[in-house]
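Next up is one chain by itself, shown in structure tokens, the form predicted on its own.
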């Protein structure tokens, strides 16, 4: 099965087809939603989308890692990263196929 990415443009087209918004309005809607999601995560807050999943910002502490090519030891700096945990509904549907 071939997997592909869902692009912003394709998402706007789907909104246009399903809801009937103009292509421009659908694009603005998609941009606005992602802008709000991004700003919320940058503040460090979690985002819970019912029946979809939860996005959280995790603080990863610094640690010692190894360059797989050279075997050289190096320190990986501390950083924040986004973590996604799918809802029970999404998990069950993913695993039922």
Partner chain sequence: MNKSELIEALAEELKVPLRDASSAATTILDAMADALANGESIEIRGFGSFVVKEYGSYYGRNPKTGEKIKVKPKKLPFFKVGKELKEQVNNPAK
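Positions refer to the first chain, counted from 1. Please read all numbers here as calculations on a predicted model, not as lab measurements.
Note that the form predicted together with its partner chain isn't included here; everything after this is about it.
- Among residues of the shown chain, residue 48 is one whose heavy atoms approach its partner chain to within 4.5 Å in the model of the complex.
- Although the partner is absent here, residue 80 sits close enough that one of its heavy atoms falls within 4.5 Å of its partner chain in the model of the complex.
- In the model of the complex, residue 70 stays away from its partner chain, with no heavy atom inside 4.5 Å.
- Contact between residue 88 and its partner chain in the model of the complex is not found at the 4.5 Å heavy atom cutoff.
- For the partner-free chain shown, 33, 34, 36, 37, 38, 39, 40, 41, 42, 46, 47, 48, 49, 51, 52 of 33-52 come within 4.5 angstroms of its partner chain in the model of the complex, judged by any non-hydrogen atom.
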